[in-house]
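Next up: a single chain in structure tokens, the form predicted alone.
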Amino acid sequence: MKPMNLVIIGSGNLAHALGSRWLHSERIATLSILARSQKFLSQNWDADLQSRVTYDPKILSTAHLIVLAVKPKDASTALHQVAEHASDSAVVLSVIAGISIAQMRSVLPKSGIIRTMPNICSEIGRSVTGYSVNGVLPVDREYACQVLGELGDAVETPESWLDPMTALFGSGPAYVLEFIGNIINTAVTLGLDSDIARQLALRMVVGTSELALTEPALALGDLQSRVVSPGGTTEAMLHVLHTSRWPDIMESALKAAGSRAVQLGREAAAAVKPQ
């Protein structure tokens, strides 16, 4: 399939992760980043990526695929920039938390729209990404799915799944890093070197995930039981977690993230006005 022009609107961490991954993609003819401020240039990111930054929305007229990577509060401005400057044939791929396809459609009645939420692991091609498609021609759909696939594992889902998926998997790296950070901090209090503790903790999480992936039919509890010996250290740790209501705390945290995604969408909807 012929490489096409891609423009990312946004200058935050996710825009950087996406741009870094797509920077040398053979599927992308030109990559541009439409920024609103100097934030992108102030991050000391890759010089080649920074050289793609522009502040002129007219760049959108050259785009075949436009990626909306702004905060929900900036969604209206970005959508109206697309409406004013982009071709109706351009496909809009949104990674804005909580903004529905219907809200985007009210501003972009003719555009093909894909709503998705990758995470920062996109930078190394290890994101997990759900996406929903609306009004996209088959050839454009195939192209967009290939570009999404470069970010990691991508699966098409009902749009109703995307708010909870944003909380679970878009925000997910933060939960995992919080857990790993706790392990490292405790290791240091027990006398381990912090660099060694970090290396071992990270490799433990990767190894555990890879082990679970090799046995997809096995329940995680059954896999966990291989580690637990009656009266042993693992059992002592799990006892503290369960008596501290760790599962309830995690469920509450995940639901709070999901509720916030919906709330952000509602707040932004008030500002997203039709053409």
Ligand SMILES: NC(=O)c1ccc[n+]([C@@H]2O[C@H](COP(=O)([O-])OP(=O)(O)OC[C@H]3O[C@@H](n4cnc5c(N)ncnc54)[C@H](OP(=O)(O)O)[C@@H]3O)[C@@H](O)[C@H]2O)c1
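Only a predicted model underlies this, so the values are computations on that prediction, with no experimental measurement involved. Residue indices: 1-based, along the sequence shown.
There is another form of the same protein, the form predicted together with this ligand; it is not shown, and what comes next is about it.
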Quiz item: Out of Glu123, Glu150, Asp140, Asp74, which one falls within 4.5 Å of this ligand in the model of the complex, going by heavy atoms?
Solution: Asp74
Exercise. Check each of Lys58, Arg245, Arg36, Arg27 and return the one that places a heavy atom within 4.5 angstroms of this ligand in the model of the complex.
Key: Arg36
Quiz prompt | Residue stretch of 150-158, 191-199, 129-137, 92-100 approaching this ligand in the model of the complex, non-hydrogen atom distance within 4.5 Å | solution = 92-100
Quiz item: Even though this ligand is not shown here, does Ala69 get within 4.5 Å of it in the model of the complex, heavy atoms only?
Solution: yes
Quiz item: How about Ser111: is it within 4.5 Å of this ligand in the model of the complex, going by heavy atoms?
Solution: no
Quiz prompt | 4.5 Å heavy atom contact, Asn13 and this ligand in the model of the complex | solution = yes
Self-check item: Met117, heavy atom within 4.5 angstroms of this ligand in the model of the complex
Solution: yes
